[in-house]
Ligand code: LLP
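Below, in structure tokens: the form predicted alone, a single chain.
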């Protein structure tokens, strides 16, 4: 939600609803989601590709059950990173064959659960993990489908905390691991089988250059593994498509993304898997909170909110930027503006939602909307300071 839309009464409109009306009916802070907008993104993705492409929504972006149940009706899958997410996906009507399991630190209990449920694919991140899966599958007498996650050593030019395909990252395996991986696969050939290769180079990608580089590096390896007899069927290009948090940020269009995939795969029999998360849900969520106090010092004006890093961690963790807007313009103050640090109530100096923001003159009890918080918002919230979680509202 990047374009601010106010009605004739000066109320900020989101998904056809006045946020002020919602704030009067629901105690703040709360997240509000535009389900129709999210489903629209899914439909765009479903219709964009010439290549057979399987969408697996990255659940870590937003695991709200109402959203997941709606997504499951769209005949897409999910990418999960914990036993909790696998269980949530099953509870929300995804089938085991819809589920991918990623993550670098899968425990024995998590793997046993995934193997017993016979999920679609476990993405293997290291030789030791592959050995663990082989032993567990042998013990359970279940042949488990796998993909190996490769680290193509590309720089996606995003925040260092959300890069995942560079040589210094903990994720995936560079090509030097392959001889060891092949040896382990041979040892456990009766218990596991390799049917795919997977990549994920980072999150909040604002151009496709690094993804193209990773495909150019990895597709020949995929083909060589096939030539050696491995029954490879799926090539998973990961997720990471960015959104526009700032006006000058122009993320890739879905059509550009689809054209890239089709250029590399449309003339093959390879089935592509993609794992979008932020691009589906990010622009379609807003966090609404209320100003408790305006505090003016010799150096700063602070708008102190009833929500902060306990509900939206991204600004404190990454220095991430989110637009902030009043949900109603005050006629007496809308022509005057001030610089504010919009901050939360948590006892940490890093609890800053937005620094030096030019906003209309604010007063205590005014409501503010923090925009584009549909992804990595509620899912990263905490009970720090024993604070209460925000509500989640879904507009259908």
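Numbering follows the first chain given and starts at 1. Since the model is a prediction, treat every value here as computed from it, not as a measurement.
The same protein also has a form predicted in complex with this ligand, omitted here; what follows describes it.
Asker: Taking 4.5 Å between heavy atoms as the contact cutoff, choose which of 152, 134, 276, 283 touches this ligand in the model of the complex.
Answerer: It is 276 that has a heavy atom within 4.5 Å of the partner.
Asker: Find the only residue in 124, 241, 78, 287 having a heavy atom within 4.5 Å of this ligand in the model of the complex.
Answerer: Selected option: 241.
Asker: Hey, in the model of the complex, does residue 380 get a heavy atom within 4.5 angstroms of this ligand?
Answerer: Yes, contact at 4.5 Å.
Asker: At the 4.5 Å heavy atom threshold, is residue 58 in contact with this ligand in the model of the complex?
Answerer: Taking the distances in the model of the complex, the answer for residue 58 is yes, it comes within 4.5 Å of this ligand.
Asker: Does any heavy atom of residue 318 come within 4.5 Å of a heavy atom of this ligand in the model of the complex?
Answerer: Close contact exists here: in the model of the complex, residue 318 approaches this ligand to within 4.5 Å, heavy atoms only.
Asker: Is residue 106 near this ligand? Define near as a heavy atom within 4.5 Å, in the model of the complex.
Answerer: Contact check for residue 106: no, nothing within 4.5 Å of this ligand in the model of the complex.
Asker: Any idea which of 268 to 276, 110 to 118, 227 to 235, 136 to 144 reaches within 4.5 Å of this ligand in the model of the complex, heavy atoms considered?
Answerer: Heavy-atom contact with the partner occurs in 268 to 276.
Asker: Every residue in 31, 310 and 391 with a non-hydrogen atom within 4.5 Å of this ligand in the model of the complex?
Answerer: Verified in the model of the complex; spot residues all out of contact, no.
Asker: At 4.5 Å, heavy atom to heavy atom, what parts of 88 to 111 sit next to this ligand in the model of the complex? List them in sequence order, or say none.
Answerer: Heavy-atom contacts within 4.5 Å come from 102 alone.
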